[in-house]
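Coming up is one lone chain in structure tokens, specifically the form predicted on its own.
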């Protein structure tokens, strides 16, 4: 009887292994969904749709984008963490994956344990913009204004944990001021109200601000990187404006649920790397003030190392700001 049971168990294991190998060989056999944990029309959504379109052509299956916004990106991320690890539900998230463990007292997932890294996608600069009729006209004037009237200034962000929220924390820390924070359900509605004059300031990714800056729909003060952008050559950097502490770019990464088959990870990573070399993707990224990740960056190891180091980088900054969510 024992021999029979052992033989049956071995057959089951071999059958499961064979099915897994067959599944990986045939992958993808159906459409893939990439969850964007923010609203449609925002910067992360824009990046994802460009990459998904290119990956669809390469993989021979449609790569769909599903927006699951809310709770600073943690709802959508949690949905993917709980998904079946078959390669058909993925997550494209930004720097918020590294700040969530400190920002949220009760987080339903562990970014380092509950996901399978696939690769970095891009690192997007940020710009500091305001409503068109906001009083300061230069970055120097804005700094002076905030130091005297910061408590009366409204600062929009896309919600706790969003890139615009993090940039706002850095700005307030750098100047030693506290503004009136106005959170939104995503970057798109925040930008809408900036353009409409309902709020004063917003610091957000170039993928959400470049077109509005070029169109004169908002007033731009600076870009948060050490070098100027080719897409916005007249916009000074925060370093040039004597505010070097406001130095942040928003990196994005592609993930699957924990336990994803290495063969499937390899297929997805190769497709991602190919998409990031797509001339259409590169050109569109350039228009938006960013660039695709390099071949060395678009790998599981690079994303894992970035996530680990960024969690440690942001922890003391968030703790010093004292801004948390339940």
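Everything numeric here is computed off the predicted structure, so don't read it as measured data. Numbering follows the first chain given and starts at 1.
Below, we turn to the form predicted in complex with aspartic acid, even though it does not appear here.
Figure note: of the listed segments 79-87, 225-233, 127-135, 162-170, the one touching aspartic acid in the predicted bound form, with heavy atoms no more than 4.5 Å away, is 162-170. Note on the partner interface in the predicted bound form: the residue among 121, 142, 187, 118 having a heavy atom within 4.5 angstroms of aspartic acid is 187. When aspartic acid is considered in the predicted bound form, residue 42 lines it closely, a heavy atom lying within 4.5 Å.
Of the residues in 91-122, only 94 comes within 4.5 Å of aspartic acid in the predicted bound form through at least one heavy atom.
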